[in-house]
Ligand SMILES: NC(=O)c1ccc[n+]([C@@H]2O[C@H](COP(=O)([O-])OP(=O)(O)OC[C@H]3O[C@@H](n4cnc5c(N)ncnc54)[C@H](O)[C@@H]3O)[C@@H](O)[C@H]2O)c1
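A single chain, nothing else alongside it, follows as structure tokens in the form predicted on its own.
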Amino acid sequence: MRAVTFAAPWDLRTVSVPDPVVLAPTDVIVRVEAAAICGSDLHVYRGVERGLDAGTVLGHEFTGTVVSAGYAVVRARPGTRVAAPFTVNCGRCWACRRGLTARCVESQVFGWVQQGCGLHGGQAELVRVPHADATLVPIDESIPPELALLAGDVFSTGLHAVEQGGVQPGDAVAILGLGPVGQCAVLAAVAAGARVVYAIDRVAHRLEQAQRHGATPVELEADVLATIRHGTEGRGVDVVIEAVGYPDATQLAWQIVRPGGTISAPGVHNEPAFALTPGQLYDKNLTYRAGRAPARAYLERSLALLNREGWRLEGLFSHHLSLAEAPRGYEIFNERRENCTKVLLRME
């Protein structure tokens, strides 16, 4: 089969690799209909996250149809069209029973193989899915692949960020970073009844997109703190969704959140130390919540929401490319060229 593989930082290749096979009774093989490039894929591309084996098939956002299954699989039988979260889960352990599927004892992230152990990803014609009945959600033909992909990662992550932040009706909310997760968080915060959602970024087309979703755009180069204080009687916002994943964003979140407020950080951070001191948290009585979104726990709800009138977010995909064009898609996405917001990869 053809797949997008990691050779080294800045060096990805679409090549022929062996087809995956069923290795356990609960495995299935999915023929991929479409895949996507996620912002967290760029951590590997840039060499910020290290340890990936050369030859690893990349990608954790995909949708498709089951073509073969182990004998213990009941729901995800061959011929079933499925949506997938970005991690697998067993559905039985302590974490899964509490909805923390991203921390399942059997959890693996698609597209991460290190020292020969791990799980190849979905930017390929075929992908192996362990624990298929617990991990995959059957979908019908009415669900476009774009929505299935968004539900499996960035929309569920944005929804989780808002719920993790405890957004309540009437709250003032700030979203730092208006990539796909930030845009989804804007929509989720508006739907949660936020009085105002300040959408903060430096990229004009991202600000315009957030405004269409109901946010108040704030240019990062402007006086962000003054703007937010003016709109919140000097207090700051009740909740900050920090969807950037960099220390300066954490510092800005601390500046604009009110005393007693919450910072919700759904993104991946790679810096060696936390950007805030214990005293900074103490002096504002802050709650800081972070971590990988349990996308599987949200998947059915995310699919239902995205299929509603007014929630259709296919427009987040600015670029539709073939699998062969994926290395160029990474370049465009990484450099934010051509007003790129997100890249969809369709199988030839």
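Here the structure is a predicted model, which is why all the values come from computation and not from measurement. Note that residue numbering begins at 1 and tracks the sequence as displayed.
This next part talks about the form predicted together with this ligand, which is not shown.
Asker: Pick the stretch from 104-112, 118-126, 170-178, 77-85 whose residues have a heavy atom within 4.5 Å of this ligand in the predicted bound form.
Answerer: It is 170-178 that comes within 4.5 Å of the partner.
Asker: Which one, V66, L306, C38, L58, lies within 4.5 Å of this ligand in the predicted bound form by heavy atoms?
Answerer: Comparing distances to this ligand in the predicted bound form, the residue within 4.5 Å is C38.
Asker: Tell me, out of V240, A188, A151, I200, which residue has a non-hydrogen atom within 4.5 angstroms of this ligand in the predicted bound form.
Answerer: The residue from V240, A188, A151, I200 that makes the contact is I200.
Asker: Report yes if any heavy atom of D223 sits within 4.5 Å of a heavy atom of this ligand in the predicted bound form; otherwise report no.
Answerer: No, D223 is distant from the partner.
Asker: In the predicted bound form, is there a heavy atom of this ligand that lies within 4.5 Å of any heavy atom of L42, even though the partner is absent here?
Answerer: The answer is yes: L42 has a heavy atom within 4.5 Å of this ligand.
Asker: Using a 4.5 angstroms cut-off on non-hydrogen atoms, would C96 count as touching this ligand in the predicted bound form?
Answerer: Residue-level check for C96: no, no contact with this ligand.
Asker: According to a 4.5 angstroms non-hydrogen atom cut-off, is A72 in contact with this ligand in the predicted bound form?
Answerer: Outside the cut-off, so no.
Asker: Is every one of P266, A293 and R336 in contact with this ligand in the predicted bound form, taking contact as a heavy atom within 4.5 Å?
Answerer: Checked in the predicted bound form: all three residues contact this ligand.
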